[in-house]
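Quick setup: one chain, the form predicted alone, written in structure tokens, and binding and motion questions come after.
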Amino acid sequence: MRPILVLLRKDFTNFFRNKAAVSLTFIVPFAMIWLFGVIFGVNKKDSGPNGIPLAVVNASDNPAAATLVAALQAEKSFYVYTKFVNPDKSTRPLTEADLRSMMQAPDADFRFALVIPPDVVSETTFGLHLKIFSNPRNEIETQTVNGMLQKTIFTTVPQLLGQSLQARAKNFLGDSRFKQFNGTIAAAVSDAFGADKDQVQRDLEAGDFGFGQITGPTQPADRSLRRLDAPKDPTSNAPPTSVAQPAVAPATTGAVDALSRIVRLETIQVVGADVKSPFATSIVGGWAIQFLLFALSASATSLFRERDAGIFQRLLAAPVTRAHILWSKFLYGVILGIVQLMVLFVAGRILFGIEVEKHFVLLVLVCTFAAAACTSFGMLLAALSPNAEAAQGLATFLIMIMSSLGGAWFPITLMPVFIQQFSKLTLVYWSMEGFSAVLWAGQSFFQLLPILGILGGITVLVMSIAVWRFNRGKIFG
């Protein structure tokens, strides 16, 4: 038994001497758990996303349309744009004509928009007309936005639907008979429930029948028209609060289902409408860049194996400089990265139908810049680390951070707003932007230049630091 205990102590001693092994076992998992909790808002008081950019165009002069805009602005899930910023920094209200060009821009502030057209309420037909513009680059993001948007619309439109019904009734009955009809209804409600007759008639003519928003955040507390299914309170005009929720819960589902049939949501896809395999096109780029980072980081750590084998000393004895060795490693990583990325995209073409051949030249260009940025990242890790184990541990940690922050795992817009500010600092984000710009948006070379410039800038900056560190380090010693 004693020999076993001695060997066991030896193993633990060697383990704790290896700082890289200790960090991979304890520090990195702890840091990743904390980081993922922050990224996905585990401790947020309000569950769900917040701050998703949404443009809202209100082309209607209907007061209830303004109520819908206010409800969207009050919804924490959305950050609502209603203004267009002119070149001189002055602003004006957004129009429907602005949306296509703004959503197609490489640096678009939003990918979803709601348009409230002038004919939101018709005098000839019962129902509402709304338009949703979208650039659905990510399926999870799109489904989330559609769900939140429809929830807000359906919980805000009762007054608009009431106005639609009133407008149609007025068109059918004529002005005098219409007022007489509303007066009769108001008198009956007043006699039965003790409400103020004139207020009830004004509510009816405004399309507000007292359903849906009695307890909503945009409604006053002293409504004179109460829910018809609520008991009468002779001491107060405020809506009663003692009505049990389960009694009305089944009606809610039915009401939403009915609203979905009479609210016409016209969906207009601004970008990517002709993409044959949209879901695969949006996610393959994230997978590819993550695998590339791991591959090139492992390739860069091969510098330590060559150092330990004495290869560098033999090379430097020949007419070879340190710069020659470093740039050969860099070019090797770039070529390997291009080949790996293109193999993965071709695999996506075979398996999922991604249209690679249609954008082949520009895709190779983006892959070249992405591979160069990833290679420089691997070279920097090798320059900063004392040994291969430390480099691998640091690479795992940083690659997981960049992949999660950059949108390779999860849509950026569904993360907390303050976390989104760090996404644009990662090469994963800009690589995925380049892939999406080519495969999803079909942008031209000139439209790609800003993204290529950023990836090129990352490569030059990171590689410069890596070379500086290599020249002062001991890897060639």
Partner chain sequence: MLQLRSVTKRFGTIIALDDVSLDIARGEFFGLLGPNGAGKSTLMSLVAGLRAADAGTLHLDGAPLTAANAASRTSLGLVPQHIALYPELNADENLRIFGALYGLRGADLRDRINTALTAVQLADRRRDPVKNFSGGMQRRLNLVAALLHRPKLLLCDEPTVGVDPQSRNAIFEYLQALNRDGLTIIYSTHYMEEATRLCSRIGIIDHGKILALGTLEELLTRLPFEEEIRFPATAATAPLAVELAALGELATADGSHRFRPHIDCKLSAFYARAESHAVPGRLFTSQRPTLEAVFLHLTGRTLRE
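None of these values were measured; they are calculated from a predicted model. If you superpose the two forms and keep the largest set of C-alpha atoms that fall within 1.5 Å, you have the rigid core. Positions refer to the first chain, counted from 1.
Same protein, other form: the form predicted in complex with its partner chain, not shown, and the subject of what follows.
Of the candidate stretches 363-371, 312-320, 110-118, 342-350, only 312-320 contains residues with a heavy atom within 4.5 Å of its partner chain in the predicted bound form.
If you check its partner chain in the predicted bound form, you find no heavy atom from any of P63, A66 and K76 within 4.5 Å.
For the options D98, E355, D196, E306, the residue carrying a heavy atom within 4.5 angstroms of its partner chain in the predicted bound form is E306. With a 4.5 Å cutoff on heavy atoms, R2 counts as touching its partner chain in the predicted bound form. Using a 4.5 angstroms threshold between heavy atoms, T13 counts as touching its partner chain in the predicted bound form. Positional change of T13 between the shown form and the other one reaches 2 Å or more at the C-alpha, relative to the superposed core. The distance between the CA atoms of T13 and D308 is at least 3 Å shorter in the predicted bound form than in the form shown here.
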